[in-house]
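One chain comes next, on its own, written as structure tokens: the form predicted alone.
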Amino acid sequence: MIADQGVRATAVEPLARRMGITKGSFYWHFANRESLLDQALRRWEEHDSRNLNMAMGAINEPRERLISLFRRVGRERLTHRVFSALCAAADHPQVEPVLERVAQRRMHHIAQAFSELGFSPEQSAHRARLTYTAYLGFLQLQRQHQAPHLDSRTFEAYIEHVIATLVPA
């Protein structure tokens, strides 16, 4: 529901209706809407952390880790839709700290790979920020329907270009 309608539109009654349960059944599991949102955010953050570890944790060579991250990012549709919706609600008091932790964790992993490629800590941090900014910008363009729809071949060529631009050979 967050991916489809955003954080602010996620409410008990429409959610219960969508799930085919009563509001009473909903309240059996969650004390209130905030409790639901806390659990949904926690679940999404754990999923994001697992995906990040899968994309970067099992690969020893830093350049291959970065390439794997770019390729995986290109395939995570639902995660991107949820993340875009969360970014649109970045000022929400429950969402803001989650986005901050996720951004820090992602940039730390990216910066670590650049550091292992021989960049200074400052250069690694800058490259991680640039990489993350490119990712966020692409998601924002998609969310606003300003990015052209790319067929799979064209999208793969775009990913290859991003890799060639941001990840040194």
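Throughout, we count residues from 1 along the sequence that is shown. Since this is a predicted model, take the numbers as computed values, not measurements.
We do not show the form predicted together with a further copy of the same chain, though everything after this point is about it.
Whether 103, 130 and 137 all lie within 4.5 angstroms of a further copy of the same chain in the predicted bound form by heavy atom: Per the other structure, all of 103, 130 and 137 touch a further copy of the same chain.
Any non-hydrogen atom of residue 107 within 4.5 angstroms of a further copy of the same chain in the predicted bound form: So residue 107 counts as contacting a further copy of the same chain.
Partner contact for residue 22 in the predicted bound form: a further copy of the same chain, 4.5 angstroms, heavy atom: Contact check for residue 22: no, nothing within 4.5 Å of a further copy of the same chain in the predicted bound form.
Close approach of residue 120 to a further copy of the same chain in the predicted bound form, 4.5 Å, heavy atom: Outside the cut-off, so no.
Any non-hydrogen atom of residue 17 within 4.5 angstroms of a further copy of the same chain in the predicted bound form: Judged by the heavy-atom cut-off of 4.5 Å, residue 17 is well away from a further copy of the same chain in the predicted bound form.
Option touching a further copy of the same chain, based on a heavy atom within 4.5 Å in the predicted bound form, out of 32, 49, 144, 39: For this set of options, the contacting one is 144.
Sequence-ordered residues of 81-102 touching a further copy of the same chain in the predicted bound form, heavy atom within 4.5 Å: Residues within 4.5 Å: 87, 88, 90, 91, 96, 99, 100.
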